[in-house]
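Okay, here we've got a single chain as structure tokens, the form predicted on its own, with questions on binding and movement later.
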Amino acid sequence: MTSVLSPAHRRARWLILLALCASSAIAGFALTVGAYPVTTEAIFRSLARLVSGQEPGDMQERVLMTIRAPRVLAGLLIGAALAASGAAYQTLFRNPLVSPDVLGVSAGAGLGAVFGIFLSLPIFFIQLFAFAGGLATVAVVALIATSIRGRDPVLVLVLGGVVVGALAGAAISLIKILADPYDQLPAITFWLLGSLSSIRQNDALAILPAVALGLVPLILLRWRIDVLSTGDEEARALGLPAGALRALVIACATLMTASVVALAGVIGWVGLVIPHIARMLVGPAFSRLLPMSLALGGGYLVLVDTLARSLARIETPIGILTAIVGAPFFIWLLWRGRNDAA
């Protein structure tokens, strides 16, 4: 028996497909833009060589395969992961103003990376410290939430994340004061603003397992997450273990956020802005919100990264551009919520 989709579901499917096509077009355009322009013909030549197992030929193909394509692929993966994390957090906490760093994961990852830079460690260990710092921060927040009884667990999680994130931010400031102002401090500042300039071949593949490990459970549990968004009592009435499911969603979203922050630095606002735009397009149902956030997030970050390396002779950190877009959008959300409440 064939299932009949409602008009809302059909519309959502077409919008998700349209978003995927737009992100693909943005990625294709980004491959051609840069200090060293690459033609469309060179892209098809590189694809043919890649399929046949041959090495890149001329300079355009080498630039494309060793620098441009890895950066675009990383942008798609990082943007999609941050947007998916934001969608999961916003659905879980039933608040469209929540972002992936609500539990302090970005601040913890930033502290780990800053400490690695302060110790003058290689990039691999800096990324490893950032990943461990993000997970450790959320573990501390979870420990605080489980040790405090008699309060709303969601509120305790959010407040614990704010406190731990503030402590991590204070530690980052202390390390910046102690860092070498000519070598370490510029590297710390640039990393905290987020950038894809250091992405090289196989970097995206290195974080792909962690992102997949966090994303696949969210896809498989998307219907249960929809039920959990209605409240714990309703979820328990339907036989769902609300506490265990919430812990799993938080762990998956945190794993994705920590892995991409470890690679590209702290990139704010993507997890706040993109899920809300997706919600306005396809509605609040997580089964539709997640794929739309994935499609929009990847294209959005690639577009911002293309602007970051094209607006000026010196590359602009992504965090500056995402803040320029995200801050006015956040103010608009507050204004819109105020008018809806009135």
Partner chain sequence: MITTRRKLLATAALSALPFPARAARDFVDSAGRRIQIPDRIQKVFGAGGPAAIAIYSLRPDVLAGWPRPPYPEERPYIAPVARDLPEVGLITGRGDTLNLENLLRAAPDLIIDFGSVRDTYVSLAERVQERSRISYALIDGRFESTPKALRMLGDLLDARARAEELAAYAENLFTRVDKLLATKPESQRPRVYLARGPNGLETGLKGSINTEIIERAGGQNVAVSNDGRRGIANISPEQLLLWDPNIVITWDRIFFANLAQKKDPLWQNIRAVREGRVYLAPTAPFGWIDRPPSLNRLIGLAWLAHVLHGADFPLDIADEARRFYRLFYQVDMSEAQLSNLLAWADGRPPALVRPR
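Computed from a prediction, not measured in an experiment: that's the story for all the values here. Numbering follows the first chain given and starts at 1.
This next part talks about the form predicted in complex with its partner chain, which is not shown.
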query	finding
Partner proximity in the model of the complex: Phe93 to its partner chain, non-hydrogen atom cutoff 4.5 Å	no
Touches its partner chain in the model of the complex: Gln201 (any heavy atom, 4.5 Å)	yes
In the model of the complex, Arg45 touching its partner chain (heavy atom, 4.5 Å)	no
Exercise: Arg246 in contact with its partner chain in the model of the complex, heavy atom 4.5 Å	no
Option from 63-71, 292-300, 279-287, 46-54 whose residues, in the model of the complex, bring a heavy atom within 4.5 Å of its partner chain	63-71
Within 4.5 Å of its partner chain in the model of the complex, all of Tyr89, Thr230 and Ile324 (non-hydrogen atom)	no
Partner-contacting position among Ala237, Ala166, Val216, Leu119 - heavy atom within 4.5 Å of its partner chain in the model of the complex	Leu119
Residues of stretch 8-38 in contact with its partner chain in the model of the complex (4.5 Å, non-hydrogen atom)	Gly34, Ala35, Tyr36, Pro37
